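The chain below stands alone and is given in structure tokens; this is the form predicted alone.
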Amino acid sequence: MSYLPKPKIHHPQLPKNTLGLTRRDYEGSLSTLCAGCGHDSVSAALIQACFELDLPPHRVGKLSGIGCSSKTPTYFLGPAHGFNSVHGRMPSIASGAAAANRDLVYIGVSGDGDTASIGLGQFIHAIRRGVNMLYLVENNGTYGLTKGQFSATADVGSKSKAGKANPYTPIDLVQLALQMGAGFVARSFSGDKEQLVPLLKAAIAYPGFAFIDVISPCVTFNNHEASTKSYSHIRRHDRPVMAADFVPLAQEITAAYAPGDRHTVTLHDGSMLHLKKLAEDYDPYDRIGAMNYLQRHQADGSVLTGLLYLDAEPTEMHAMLGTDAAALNSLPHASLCPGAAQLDAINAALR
């Protein structure tokens, strides 16, 4: 497989994740795909997702079959393990690798030709087995490597670059994955990074078979007005089902400590929270004392917990204004509008 290494020089102030790695550490080689290929946007989204998940690159296994899509693993997570299998056989390789080493994170990248035709049986059996992996299809509805023949996901009536209409009903991989029992099923568009990155993060974190069908237009053979897999067609017909984001699973943080004690809690992001429970002899009825106590402990970074102040004789607005004890919407009309005579009497009193 042809590839070009990327320059290793980068800005020293690039943001780092909790592993101390920059986004550059998750990149691969320079892409040799056509300029504007949707697959390169998918690679960029994978790089961002793995960086934000703090995923150690050496704990990732990248797998692919044959096709333009199967070059993608070369373009992300260079330090990860990788295996480029034969056409349509990526799911078997992934199944075997997962069986042998369950500690790795497996990302399988395939295409519509690689999955929906020669690899269809492999695809559905990987779902049946529940292989713990992200199975990603870069779906452009065409065979780009062999000059633009229709693939099995091309919509009926969709036209090739030469103007020929596809007569066959397409295979919908999302519906197939749902029917076969996949636990995580999503579809996205390579040009929608805002949606795709959270989906990738959630799929990688999912403990089971996660499938994402990414519509990824082929700019050379299938990006024209008559194609239903073109940029313009997808942008006109894209209907997100929901606004979603990925929130990593985290365990509840609990704290148990005695009155008067100070307790430090380590939060999920690694920051520290210093709690100080009020002492049993603390007087919650002393407003000035409470203010002094708060400021004194705020200065040393403590977060006071407990009932800080209670006014034993509170004043309430209605009591201060002397309003009716009943709510206005419950008063009869005669009470709310006492009549012109009452208004005349009030006016006369003010003259």
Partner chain sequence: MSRLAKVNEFVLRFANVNGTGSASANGLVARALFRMGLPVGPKNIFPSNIQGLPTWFEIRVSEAGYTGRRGTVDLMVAMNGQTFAQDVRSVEPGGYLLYDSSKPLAPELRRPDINFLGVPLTELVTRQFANPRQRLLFKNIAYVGVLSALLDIEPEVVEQLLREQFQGKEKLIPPNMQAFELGRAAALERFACPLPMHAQRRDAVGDRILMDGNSAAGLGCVYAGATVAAWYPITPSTSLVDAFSAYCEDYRVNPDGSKRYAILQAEDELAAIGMVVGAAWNGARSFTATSGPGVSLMTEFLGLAYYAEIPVVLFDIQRCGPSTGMPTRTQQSDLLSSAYASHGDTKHVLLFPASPKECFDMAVQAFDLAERLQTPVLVMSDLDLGMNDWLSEPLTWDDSYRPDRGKVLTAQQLEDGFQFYRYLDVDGDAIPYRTLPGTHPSKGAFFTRGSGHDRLGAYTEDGDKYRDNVDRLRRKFDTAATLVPDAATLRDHGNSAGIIYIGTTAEVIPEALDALTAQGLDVDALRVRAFPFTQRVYDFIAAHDTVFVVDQNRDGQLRAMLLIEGNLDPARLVSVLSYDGMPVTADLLVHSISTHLEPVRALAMGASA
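Positions refer to the first chain, counted from 1. Take the two forms, find the largest set of C-alpha atoms that superpose within 1.5 Å, and that set is the rigid core. Predicted, not measured: the structure shown is a model, and the values here were computed from it.
The discussion below concerns the form predicted together with its partner chain, not included here.
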Which residue, Met180, Leu275, Ile93, Val185, has a heavy atom that falls within 4.5 Å of its partner chain in the predicted bound form?
Ile93
Can you work out which of Ala35, Ala299, Met317, Ile288 has a heavy atom no more than 4.5 Å from its partner chain in the predicted bound form?
Met317
At 4.5 angstroms, heavy atoms only, are Ser151, Lys164 and Ala226 all close to its partner chain in the predicted bound form?
no
Applying a 4.5 Å heavy atom distance criterion, does Ala100 contact its partner chain in the predicted bound form?
yes
I'd like to check something about Leu321: if you look in the predicted bound form, is any of its heavy atoms closer than or equal to 4.5 Å to a heavy atom of its partner chain?
yes
Quick one: does Pro248 come within 4.5 Å of its partner chain in the predicted bound form, counting heavy atoms only?
no
Gly130 versus its partner chain, in the predicted bound form: is there a non-hydrogen atom within 4.5 Å?
no
Within 4.5 angstroms, counting heavy atoms, which one of the listed stretches 233-241, 198-206, 74-82, 213-221 is next to its partner chain in the predicted bound form?
74-82
Let me know which residues along 316-336 have a heavy atom within 4.5 Å of its partner chain in the predicted bound form, or say none if there are none.
Met317, Leu321, Gly322, Thr323, Asp324, Leu328, Asn329, Leu331, His333, Ser335, Leu336
Given a superposition on the rigid core, I'd like a yes or no on whether Met317 shifts its C-alpha by 2 Å or more between this form and the one not shown.
yes
Rigid core superposed, CA of Cys337 - does it shift 2 Å or more between this form and the one not shown?
yes
For Leu30, is the C-alpha shift between this form and the one not shown 2 Å or more after core superposition?
no
